[in-house]
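Take a look at this single chain, the form predicted alone, given in structure tokens.
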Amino acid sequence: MLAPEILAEFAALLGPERARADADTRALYARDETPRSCTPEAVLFPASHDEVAGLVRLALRHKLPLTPRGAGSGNVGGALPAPGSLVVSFECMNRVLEFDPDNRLVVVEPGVVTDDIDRLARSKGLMYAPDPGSGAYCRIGGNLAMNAAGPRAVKYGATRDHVLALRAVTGAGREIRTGSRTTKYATGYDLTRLLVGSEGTLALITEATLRLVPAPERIANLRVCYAGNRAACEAIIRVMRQAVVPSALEFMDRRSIEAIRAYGGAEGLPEGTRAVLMVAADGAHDDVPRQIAALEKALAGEGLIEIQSGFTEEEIARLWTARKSLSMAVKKIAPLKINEDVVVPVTRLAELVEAIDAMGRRHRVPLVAFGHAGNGNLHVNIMVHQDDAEEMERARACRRELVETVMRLAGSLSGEHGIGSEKRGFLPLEIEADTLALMRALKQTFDPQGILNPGKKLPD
């Protein structure tokens, strides 16, 4: 546990109620959504930029590592405390500092809930486009750290594409500002895009200026059923090379459909369905039907079983019933989900999905693949029993083969979840040694004592 005299220094800075080292608080912040845990020495709750700057300088003086944390909803160990570290939780920094609809921007602290930003924007006919699945409870600071995305990324881009400027404190205790309030900016190095996705290893973000876009007047959805995975993947290629960009293009593979049927959530799916695409279009009210018609044309082809459309809230909700039941359905397969978030070029999706099928059979572990197919981004869930040592060994071998397959297909280790502590050992498979050396040099420049989120992002 942290020495009482050092804890007292943090308490003097933050107040005793926001510098906690009691057992219950430490246990509460010992884990994120990964199955591992590590109890921190203390938990700090800054409420302002100045307090963040002060606690970083204190940590430097005492050579204490810091683990930044939003809502702890990540699943790659990005917010997992390092041994001997102090957790810096940003939940008290939850203010909207400025909302400027005329310039289509909002300035927020890192503890603001992501969906709350979108709700505020929509009150003035705008929207915050990134839509991670955990948006109802995740914090924008965590989204910035991991460059989070979601279904709308196929049309609107990930978090990094919607950040105009940042205020932050580096690991050296320096206070920096990056970017500009303008949507065009060509001054200096683009440190904004460097910090977004750096997983809190370079600086602690204390303020973000986010770009907003006009909210669509109308949204419509398609549920498209195919006889097999390859037919669905070929349809994805057709969709992504025609003029209408969907606002979402989601894929569920054969094992996903089997899990949904076993769970009882497949009502309305026609017999013979082995893969499903969920496709959305948005825009001006009168233009959405035209977009849907163009998408239907692209989606038609060999292996198509059925296309159903939805234009009202009720129709759209009905079409999403099967997809909404998938999370609970997968949990029925096995208690532990090893969630791999990989991405390949869209033209290689069929190869990846077929390889996933084969490696699941070879390693005798259930693999369920679904995700944001318009970006080539799949969530591959390896379902295992954690107390079965032999099965866990097979799962590890399967995971390694999955990563190697993604590399062979010119893909990447992560599309939106980040690297954290769980995937950093694989980085040399994707990033060459000279590039990794440059990344380590950047880390040294921003964080010379290595106190910010140690054990994350880069391999040892």
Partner chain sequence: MNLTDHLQEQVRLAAERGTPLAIRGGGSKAFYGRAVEGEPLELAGHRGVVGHEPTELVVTARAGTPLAELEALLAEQGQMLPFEPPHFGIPLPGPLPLAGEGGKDASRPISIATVGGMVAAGLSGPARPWAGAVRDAVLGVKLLNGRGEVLTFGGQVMKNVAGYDLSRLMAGALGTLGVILEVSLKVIPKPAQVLTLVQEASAPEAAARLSAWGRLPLPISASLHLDGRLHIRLSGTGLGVAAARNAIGGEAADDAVWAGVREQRLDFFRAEGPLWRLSLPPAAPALDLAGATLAEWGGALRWLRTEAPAAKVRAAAAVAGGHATLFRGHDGTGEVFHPLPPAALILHRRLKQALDPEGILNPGRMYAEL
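Numbering follows the first chain given and starts at 1. Given the structure is predicted, the values throughout are model-derived calculations rather than measurements.
A second form of this protein, the form predicted together with its partner chain, is not displayed here; the remarks below concern that form.
Enquirer: If contact means a heavy atom within 4.5 Å, which one of 31 to 39, 55 to 63, 429 to 437, 397 to 405 is the stretch that engages its partner chain in the predicted bound form?
Expert: Every other range fails; the passing one is 429 to 437.
Enquirer: In the predicted bound form, does P46 come within 4.5 Å of its partner chain, counting heavy atoms only?
Expert: Close contact is absent here: in the predicted bound form, P46 is far from its partner chain, nothing within 4.5 Å, heavy atoms only.
Enquirer: S180: heavy atom within 4.5 Å of its partner chain in the predicted bound form?
Expert: Result yes; S180 sits at the interface with its partner chain in the predicted bound form.
Enquirer: Evaluate S421 for contact with its partner chain in the predicted bound form, applying a 4.5 angstroms cut-off between non-hydrogen atoms, and reply yes or no.
Expert: No - in the predicted bound form, heavy atoms of S421 and its partner chain never come within 4.5 Å of each other.
Enquirer: Using 4.5 Å between non-hydrogen atoms, is Q386 touching its partner chain in the predicted bound form?
Expert: Contact check for Q386: no, nothing within 4.5 Å of its partner chain in the predicted bound form.
Enquirer: Answer with one of G283, G133, P366, G303: the residue that has a non-hydrogen atom within 4.5 Å of its partner chain in the predicted bound form.
Expert: By the 4.5 Å heavy-atom cutoff, the listed residue in contact is G283.
Enquirer: Would you mind picking the one in I219, L336, A355, V244 that has a heavy atom within 4.5 Å of its partner chain in the predicted bound form?
Expert: The residue from I219, L336, A355, V244 that makes the contact is V244.
Enquirer: Using a 4.5 Å cut-off on heavy atoms, which residues of 336 to 350 contact its partner chain in the predicted bound form?
Expert: If the 4.5 Å heavy-atom criterion is applied to its partner chain in the predicted bound form, 336 to 350 yields V343, V344, P345, T347.
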